[in-house]
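First, one chain by itself: the form predicted alone, in structure tokens.
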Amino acid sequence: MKDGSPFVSTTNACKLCTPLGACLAFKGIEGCVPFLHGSQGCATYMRRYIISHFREPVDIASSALGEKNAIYGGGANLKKGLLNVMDKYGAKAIGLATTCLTETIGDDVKMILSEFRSEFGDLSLPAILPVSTPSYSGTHMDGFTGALRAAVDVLAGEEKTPAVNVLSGFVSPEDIRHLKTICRAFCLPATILPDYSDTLDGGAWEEYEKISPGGTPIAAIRAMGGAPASLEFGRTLDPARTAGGLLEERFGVKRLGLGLPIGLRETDAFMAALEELSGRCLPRALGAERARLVDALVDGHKYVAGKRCLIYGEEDLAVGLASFAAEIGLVPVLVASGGSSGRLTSAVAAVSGDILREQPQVASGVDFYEIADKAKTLAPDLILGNSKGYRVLAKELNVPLVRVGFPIHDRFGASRVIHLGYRGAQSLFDRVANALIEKKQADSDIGYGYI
């Protein structure tokens, strides 16, 4: 209810559009160009949105449909656009995501691609990875997950490999780099999909690269069906709709579903899985990181204990943050997401039910208007979430916001925010404690210099 009246509109969505998520996933595949089958405006908006978070050049191709195509169909534009991408970029793969327009007019993408391969089969065609991503059905995370499943569906085979599949979900480039470090510490070869640690957070180039270097090698994706196991992060995922689920169903690759390893306990579970897969004990360096984290939790407990926090963002990120918050002594009063998997409430209970005296309110499928309305009566001391909540939550309530997830448009260095592992938990804990200390200083008439 808004102002006591029924409503059906969304006011400041706590989610992003489905094909945007697909584009992000495709950026993590080597030599892949994201391609939107729809209007030019969709690609322009998404490019701008992604660039302002990652501060990297991002090209997204488009079939650029207009009014005529909305009536007669966009098949011709799609074929021409694919040929242009092949010519201009020399792409190894094209990640083809649909949009609201093409889904609404009913373009049969599968049929159009069949015609395309028949008409241009004499050319050296790249792998085309089609995924259905109408924004009126789902969130950017549905697009992200669907794109990974599409890549595995098209590319994966049964070639044997010692590399474990790591399907890390939508995390930061710094998180992906840290996952690589962790796997190397266990001497465990791993295929991380997607890997945009370079493509969305690379170095400076002497000359412009049409396709950013990096990404999960296509050859590695082709071998994912022969991997010993898949680690897939996300407690709210439906395996029937994920890449890990497809690999298990089609190739018999064992799927190990884990929560995002945010905080001590979820990271412990991840490390236990790596110990089992590698046959090695926790490496000394990682054990030292864990010990420093535990010491910091003891040292900083007085700053965070009992403070009330509000959490929002993608469902699995929100679950991981709820677990982290509960174990460091915060009291989550609301865990909210624009996602609607139907699994958020049970997932939050699973990670925090044995720690918290009272379970937080959980709200799924909500927008920021609804989150702000709930927050007014909850009196949070701290907010964990992305930049979209700054004005309507943090500024309005005069509560510090610790920025995590995507998008972060009002701070620099979003690509290097680390969330995962003991190292990520250490960074998050420091930021949380310091945000609360800074608020206490700012509100004090005394002006504490020692806290």
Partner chain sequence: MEQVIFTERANQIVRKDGAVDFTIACNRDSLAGAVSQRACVFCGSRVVLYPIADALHLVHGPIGCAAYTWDIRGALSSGPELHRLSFSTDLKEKDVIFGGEKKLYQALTELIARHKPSAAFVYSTCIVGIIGDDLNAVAKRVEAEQGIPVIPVASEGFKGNKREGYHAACKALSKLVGRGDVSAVSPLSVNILGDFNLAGEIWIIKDYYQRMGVEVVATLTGDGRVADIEKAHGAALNVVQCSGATQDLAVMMQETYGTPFIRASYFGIEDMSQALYDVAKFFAEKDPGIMDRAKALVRDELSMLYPKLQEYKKDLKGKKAAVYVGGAFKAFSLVKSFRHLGMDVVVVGSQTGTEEDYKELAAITDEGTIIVDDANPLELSAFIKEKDVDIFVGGVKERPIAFKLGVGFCDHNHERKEALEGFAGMLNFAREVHATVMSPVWRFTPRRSGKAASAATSCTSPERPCDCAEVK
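Since the model is a prediction, treat every value here as computed from it, not as a measurement. Numbering follows the first chain given and starts at 1.
Another form exists, predicted in complex with its partner chain; not displayed. Remarks below refer to it.
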Is residue 437 one of the residues lying within 4.5 Å of its partner chain in the model of the complex, judged by heavy atom distances? no
Just to confirm, residue 137 within 4.5 Å of its partner chain in the model of the complex by heavy atoms? yes
Please tell me whether any heavy atom belonging to residue 415 falls inside 4.5 Å of a heavy atom of its partner chain, as the geometry stands in the model of the complex. no
Residue-level question: is residue 101 within 4.5 Å of its partner chain in the model of the complex, judged on heavy atoms? yes
Would you mind picking the one in 110, 160, 210, 302 that has a heavy atom within 4.5 Å of its partner chain in the model of the complex? 210
From 88, 284, 376, 117: within 4.5 Å of its partner chain in the model of the complex by heavy atoms is 88
Given a 4.5 Å cut-off on heavy atoms, tell me which of 143 to 151, 313 to 321, 348 to 356, 363 to 371 is the interface stretch with its partner chain in the model of the complex. 363 to 371
May I ask whether 13, 105 and 392 all come within 4.5 angstroms of its partner chain in the model of the complex, judged by heavy atoms? yes
Residue by residue through 61 to 98, which ones have a non-hydrogen atom no more than 4.5 angstroms from its partner chain in the model of the complex? 61, 62, 63, 64, 65, 66, 67, 70, 77, 80, 81, 84, 85, 88, 89
